[in-house]
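You are given structure tokens for the same protein chain in two forms, set apart as structure 1 and structure 2.
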Structure 1
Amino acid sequence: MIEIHGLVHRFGEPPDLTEALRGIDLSIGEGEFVALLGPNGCGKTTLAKHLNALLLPTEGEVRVDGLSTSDPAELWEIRRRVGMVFQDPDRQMVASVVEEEVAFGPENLGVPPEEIRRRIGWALEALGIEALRRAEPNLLSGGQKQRVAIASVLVMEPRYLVMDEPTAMLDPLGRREVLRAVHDLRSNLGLTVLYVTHHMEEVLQADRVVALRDGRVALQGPPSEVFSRVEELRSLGLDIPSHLELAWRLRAAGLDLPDGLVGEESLAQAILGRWRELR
């Protein structure tokens, strides 16, 4: 479990002081998939970097399974437990072959070669990229590169995966590949995920959506609730997937739709059902 209490983060000194986080209280439970949204500059990346002690609190506290990120003695254990994946896969690659890339972290920690080999096999399989084992990272597609980046984190056997806009630089195919991989990891390995994105359609399957504004939590709840608050979302500079907005409007106009979030196919079925009935 990750617990964040009264977290404040300031960058720089006056006159160029930026208060990026202004008092965040949040906890992320075991196995939870939390999506973090919010306008540019609201503090998402800053918050994400606190979870594995890449940044330390100016005020307040962050605890990972009870270990405080402010305690230097726990630094490496926290970094092992909380894996980070960033936006641009290219900048995360160091080796010239996928398996070396993936081996990099555990090798640095002195994990025995046998064990490293086992973990690589397992991680590549978990992400559906076994076939890329001997490929050159530079020649992979964006979605493949990003899955290699996730595999490199997975071999550290983390309990938490923090992903900062992992699909922002990908084409729609790569985006689908990465999303599917993340959902698989979560259901097969029980990983806890914090997922930052600007793409609302990517978070419909999250357990909880947290939206920040100006360094504070502005809105949170399950997607079914958050995405029904259309006006509030818009006022935060966020959006709602267009098929959902259409569903809400048709429901308001009298179309019979199942409760809660509606997938594209169930929307199509509801429309077709009513249309056939009328004919």
Structure 2
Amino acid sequence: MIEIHGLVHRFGEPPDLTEALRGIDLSIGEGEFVALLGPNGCGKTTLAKHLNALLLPTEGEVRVDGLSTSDPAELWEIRRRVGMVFQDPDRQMVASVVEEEVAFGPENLGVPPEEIRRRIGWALEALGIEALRRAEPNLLSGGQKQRVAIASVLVMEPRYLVMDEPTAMLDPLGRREVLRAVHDLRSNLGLTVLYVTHHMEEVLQADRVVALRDGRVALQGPPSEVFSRVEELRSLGLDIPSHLELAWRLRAAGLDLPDGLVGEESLAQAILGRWRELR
């Protein structure tokens, strides 16, 4: 598990000191899918970068399976266990062919060639991009590039996958491709996922939603619970998916709808059931 205790992070020097994180306490359990939300500047990316020691705590502690990110002797192992995918896949591309791109990480770790070939085949199959093995990354769609970026992390065989707004630069089709791939990986491989996003509809299938405000945890809980707190979400500068806002408005108008409605279909069925009862 990943454990975060009293995490504070400051950038700069006085008098231009910025406190990006202000005492974060959070744990992420094995196999969990945690969605991290919040307005721009709330500290989402700063927190994400602490999980594989791209940033180190100013105060407090981050531990990955008991290993402290503040211990230089543990950094290699932490970064092997925690893979990170960034917002812009082009910034992660270093090779001219997909197969070579995916092989880059394990080659630099000295993994034997036969094992690298096995990992490449497995990662491309897991992401559904076997047909792109010999393709040029610069000719791929945004969604395909992001899946190549994920495969490049997957061949390192991480236990945890941290994704920092991986669909922010994609169209709706690309977002669906990437999100489907992430959920498949989590189901098939048991990966633990921290998914940073500002697309609210992407977090409905998460196990837990964590919302930040001004460097602190402002809300957390299952999606059904968090999205029922409409006024608090709006105070954070966040919207909710349109169908969940509809449910909130119907309840406010006096319609008795059950709790825990997250999906559009479940809401539609609940509304239809109440309509039949009231006829």
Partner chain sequence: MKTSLLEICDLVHVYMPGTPFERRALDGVSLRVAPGEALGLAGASGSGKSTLAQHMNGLLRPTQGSVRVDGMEIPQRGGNLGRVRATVGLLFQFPEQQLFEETLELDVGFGPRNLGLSPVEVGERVAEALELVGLPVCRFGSRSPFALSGGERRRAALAGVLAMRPRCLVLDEPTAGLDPRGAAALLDLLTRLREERGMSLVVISHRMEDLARLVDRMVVLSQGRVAADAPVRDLLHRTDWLDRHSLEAPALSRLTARLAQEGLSLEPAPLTVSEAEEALRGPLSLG
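Numbering runs along the sequence of structure 1, starting at 1. Each form is matched to the other, and the largest set of C-alpha atoms that superpose within 1.5 Å is called the rigid core. In this text, all values refer to a predicted model and were calculated from it rather than measured experimentally.
Just checking, which of these two is the form predicted together with its partner chain?
The chain shown first - structure 1 - is the form that fits the description.
Rigid core superposition, Glu265 Cα moves 2 angstroms or more between the two structures
Yes, the C-alpha position differs by at least 2 Å between the two structures.
So, with the core fitted, how far does Arg274 move at its Cα between the two structures, in angstrom?
Its C-alpha shift, to one decimal, is 6.6 Å.
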